[in-house]
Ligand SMILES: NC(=O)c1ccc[n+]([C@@H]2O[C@H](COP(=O)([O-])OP(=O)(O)OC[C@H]3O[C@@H](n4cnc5c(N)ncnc54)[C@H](OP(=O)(O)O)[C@@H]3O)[C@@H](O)[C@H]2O)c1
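Take a look at this single chain in structure tokens; it is the form predicted on its own.
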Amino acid sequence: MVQKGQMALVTGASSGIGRETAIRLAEKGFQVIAAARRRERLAELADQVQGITPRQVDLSDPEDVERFCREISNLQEPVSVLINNAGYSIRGALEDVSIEAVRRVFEVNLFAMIRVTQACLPGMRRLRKGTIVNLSSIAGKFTFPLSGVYASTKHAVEAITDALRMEVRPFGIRVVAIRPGAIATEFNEVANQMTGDLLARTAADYKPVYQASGAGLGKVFAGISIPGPDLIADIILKAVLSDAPKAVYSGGPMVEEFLGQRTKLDDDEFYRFMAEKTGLMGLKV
């Protein structure tokens, strides 16, 4: 049962799913710390919605994450609801992605998530209650070609979430994973920006791979209606307000077609399914 004035923390709250989740929590009476890198967006959100406090943090910077975690640890009212939403994607064949780019996406998607969770857990243990919601992805259970780095962070999020759920159950803390499918946010725009024009820079051998997988995924997305972030924000709110939330929630396009197949097929069968779907089964270079 939600008590008015409970403290919630939402990372990646300046846009998309994080923003909509922060708004919904505030409307339900939570005091919401909205954390993100873009100060202006956060200030605008706080001006529009009562009960939201903006906090700027660059989750790709370990020193700034530590500063932010000290603030969280010293709050008079401990965080009892944590929404680990912040994350982004980079794309490209593994050979093409720099190790620096790999490290940065892991800093944001995984290491910062772990560190912020560590900062919130002592307060939740004292309260003997709390809810932690980790944003995974359908890619937390499988990967598309050219998305191995992003998917690996979400596979790790799934593992951390599964272990944490068991570790903190004795303290009355609930841990939930959310696996969105394709959602209309700035996610794709940011991924394209962070990736850059790899097709122009990749080796000639890889160009047909990029082209074939792009065409294959284009067919997958053709005709699909992509919902906005409200869909996932509503699922998050349902989990937070539930007396007995499920371990995992999924929502959005491609959940049944891909995640459903991943649960039904063995590894070899799913490999063939994905190779066909992404146009790579018959490709020879």
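From 1 onward, residues are counted along the sequence shown. Remember, predicted model here, so these are calculated numbers, not experimental data.
Not pictured, yet referred to below: the form predicted in complex with this ligand.
Asker: Taking 4.5 Å between heavy atoms as the contact cutoff, choose which of 195, 117, 202, 185 touches this ligand in the predicted bound form.
Answerer: Of the listed residues, the single hit is 185.
Asker: Please pick, from 206, 142, 88, 111, the one residue with any non-hydrogen atom lying within 4.5 angstroms of this ligand in the predicted bound form.
Answerer: Result of the distance check: 88.
Asker: Residue-level contact is defined here as any heavy atom of the residue lying within 4.5 Å of this ligand in the predicted bound form; does residue 135 satisfy this criterion?
Answerer: Judged by the heavy-atom cut-off of 4.5 Å, residue 135 is in contact with this ligand in the predicted bound form.
Asker: Please run the contact check for residue 60 against this ligand in the predicted bound form: heavy atoms, 4.5 angstroms, yes or no?
Answerer: Heavy-atom contact with this ligand at 4.5 Å: present for residue 60.
Asker: Evaluate residue 104 for contact with this ligand in the predicted bound form, applying a 4.5 angstroms cut-off between non-hydrogen atoms, and reply yes or no.
Answerer: Flag for residue 104 set to yes.
Asker: Do residue 37 and this ligand share at least one heavy atom pair within 4.5 Å in the predicted bound form?
Answerer: Yes - in the predicted bound form, heavy atoms of residue 37 and this ligand come within 4.5 Å of each other.
Asker: Which of 255-263, 240-248, 37-45, 66-74 has heavy atoms within 4.5 Å of this ligand in the predicted bound form?
Answerer: Of the stretches listed, the one contacting the partner is 37-45.
Asker: Heavy atoms within 4.5 Å of this ligand in the predicted bound form is the criterion; list the residues of 143-181 that meet it.
Answerer: Residues within 4.5 Å: 150, 154, 180, 181.
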